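Take a look at this single chain, the form predicted on its own, given in structure tokens.
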């Protein structure tokens, strides 16, 4: 059974614990700027939404990579960047329509969510349950669409 991150923006308090946990897990420092998950605030801070790679089926990043540095993990289904293969060309950052593949200037490579090998630290650190790691059937486009319609009903 594949699992995925499920984000409930209504529970997010913008505490940034997810960003800190991610940056520590992957970079060894507590620095939100180095996180693979970001908390986007809008409405002048009244609403916050964590976002990261959705591990989409289309995987534009994977198909755009000219050196095949992005592969699918057989264990988690995550689209993972192989640092030994990545040449830092940034084509995948352009291909991702969600802006969740980022260039890491320190390494000269790209970085994106890899689900922490099946134990996502962002979900572990989230004190409100805004980020959970659930059966992949509970996430996806249809669920996002339903949430968007509830948040912004047609006039």
Partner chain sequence: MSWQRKILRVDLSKGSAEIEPLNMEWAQQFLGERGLATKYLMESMDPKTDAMDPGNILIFATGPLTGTMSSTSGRYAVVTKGPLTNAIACSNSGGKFGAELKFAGYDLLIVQGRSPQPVYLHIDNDNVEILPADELWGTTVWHTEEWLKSRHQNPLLKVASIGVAGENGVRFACIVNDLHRAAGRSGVGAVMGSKNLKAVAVHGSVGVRVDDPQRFMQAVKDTKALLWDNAGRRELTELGTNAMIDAMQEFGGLPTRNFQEVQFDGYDKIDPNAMTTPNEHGHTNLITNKACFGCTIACGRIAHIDQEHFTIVNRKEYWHASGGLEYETAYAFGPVVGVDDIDALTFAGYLMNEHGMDPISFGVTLAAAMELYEMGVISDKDTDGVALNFGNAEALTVMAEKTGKFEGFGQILGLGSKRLCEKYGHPELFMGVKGQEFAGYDSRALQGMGLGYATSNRGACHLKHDTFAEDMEDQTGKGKAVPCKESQDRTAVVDSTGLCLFTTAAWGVEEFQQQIDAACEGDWSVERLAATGERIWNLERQFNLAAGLSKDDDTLPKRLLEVPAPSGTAKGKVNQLDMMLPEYYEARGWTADGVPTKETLQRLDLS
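Numbering follows the first chain given and starts at 1. None of the values given here were measured: they were computed from a predicted structure.
The form predicted together with the partner chain is left out here; the points below concern that form.
Each of 24, 43 and 127 is positioned with at least one heavy atom within 4.5 Å of the partner chain in the model of the complex. Heavy atoms of residue 13 reach within 4.5 Å of the partner chain in the model of the complex, making it an interface residue. In the model of the complex, at least one heavy atom of residue 17 sits within 4.5 Å of the partner chain. Within this chain, residue 107 is remote from the site of the partner chain in the model of the complex, having no heavy atom within 4.5 Å.
Proximity of residue 34 to the partner chain in the model of the complex: non-hydrogen atoms within 4.5 Å are present. In the model of the complex, no residue of 54 to 87 lies within 4.5 Å of the partner chain by any heavy atom.
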